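Next up: a single chain in structure tokens, the form predicted alone.
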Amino acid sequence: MIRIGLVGVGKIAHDQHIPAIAGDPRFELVAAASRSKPDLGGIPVFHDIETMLAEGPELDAVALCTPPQARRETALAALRAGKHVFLEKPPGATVSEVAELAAVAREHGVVLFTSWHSRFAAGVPQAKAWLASRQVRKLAIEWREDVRRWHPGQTWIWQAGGMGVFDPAINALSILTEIMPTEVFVTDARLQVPENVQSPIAGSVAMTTLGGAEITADLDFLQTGPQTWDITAWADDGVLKLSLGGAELTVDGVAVEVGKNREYPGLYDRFAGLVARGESEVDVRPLTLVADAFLVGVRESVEAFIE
């Protein structure tokens, strides 16, 4: 039994983490830390992680669901207290801070897990297997959703370090770096930034591989109506498409049976295995692609975003 504490009890914690923990017999949620002090049915809730660690019940692990800007200090407190740490995506506000966390985890002999939930979408493993033996010539990402629907009131997304449209788009990049048989590199980006915030609301990213595959990402945080989370790959002998964020898979237009979508249960299954083996899993490739897009991206100021 892994006794786990949850830090940051917002929408993602309520929607995904708490049900996934409750559904896995290897975990027991024994404490939480949240300034909102939600009612978790008898589970003690503390104001911050420091108080939870000092005054709460004994913990083996901590899952961090705070915004990325606040992640570093919280993760350091848990690691230095000898707790295994599960990082909600994105794992940090910068690439270098995740390297620091990995070093601290090694120093204290605990597990660090940079979780990427979209990699556990039902169609992703079969997409990876199909592409593994093929030459990818072109790949297109279309990731367009309504920020007002999925992130209501989450002002941290628009602040420096919040990533804007890349907060959802990094899910696509996590799938991309999982299924591509070769490494991916950013070559260009165009970022549309509302005049009253710090992070982009839409944009495009151009990428490539050592083999010269053309990869594009079309990103939008203002799409109303049906939402679009698609990845299409053109290989030497067919076309593969992941839809609904990886939940559905087609090859040459024919649906492939992929089973039930179990993203967060899959994450906690992986975390339990890592803890049992004493192994960390730290992958910053999706975050690196975002950082590179910000480095080379041409910024265009657009009208203010008003929720």
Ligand code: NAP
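It should be emphasised that the depicted structure is a prediction, and the values quoted were computed from it without experimental measurement. Note that residue numbering follows the sequence shown and begins at 1.
What follows is about the form predicted in complex with the ligand, which we do not show.
Inset, instruction - Decide whether residue 284 counts as a contact residue for the ligand in the predicted bound form under a heavy atom distance cut-off of 4.5 Å. - result: Residue 284: no contact with the ligand in the predicted bound form.
Inset, instruction - Report yes if any heavy atom of residue 11 sits within 4.5 Å of a heavy atom of the ligand in the predicted bound form; otherwise report no. - result: Yes, residue 11 lies within 4.5 Å of the ligand in the predicted bound form.
Inset, instruction - Answer for residue 260 alone: is it within 4.5 Å of the ligand in the predicted bound form, judged on heavy atom distances? - result: Contact with the ligand, no.
Inset, instruction - Look up in the predicted bound form whether residue 70 has a non-hydrogen atom within 4.5 angstroms of the ligand, and give yes or no. - result: Judged by the heavy-atom cut-off of 4.5 Å, residue 70 is in contact with the ligand in the predicted bound form.
Inset, instruction - Please determine, with the chain shown alone, which of 97 to 105, 133 to 141, 212 to 220, 151 to 159 has non-hydrogen atoms within 4.5 Å of the ligand in the predicted bound form. - result: Residues of 151 to 159 come within 4.5 Å of the partner.
Legend entry - Contacting member of 65, 59, 275, 240, with respect to the ligand in the predicted bound form [4.5 Å, heavy atom]: Here the answer is residue option 65.
Inset, instruction - Enumerate the residues of 242 to 271 that have a non-hydrogen atom within 4.5 Å of the ligand in the predicted bound form, in sequence order, or give none. - result: The stretch touches the partner through 264 alone.
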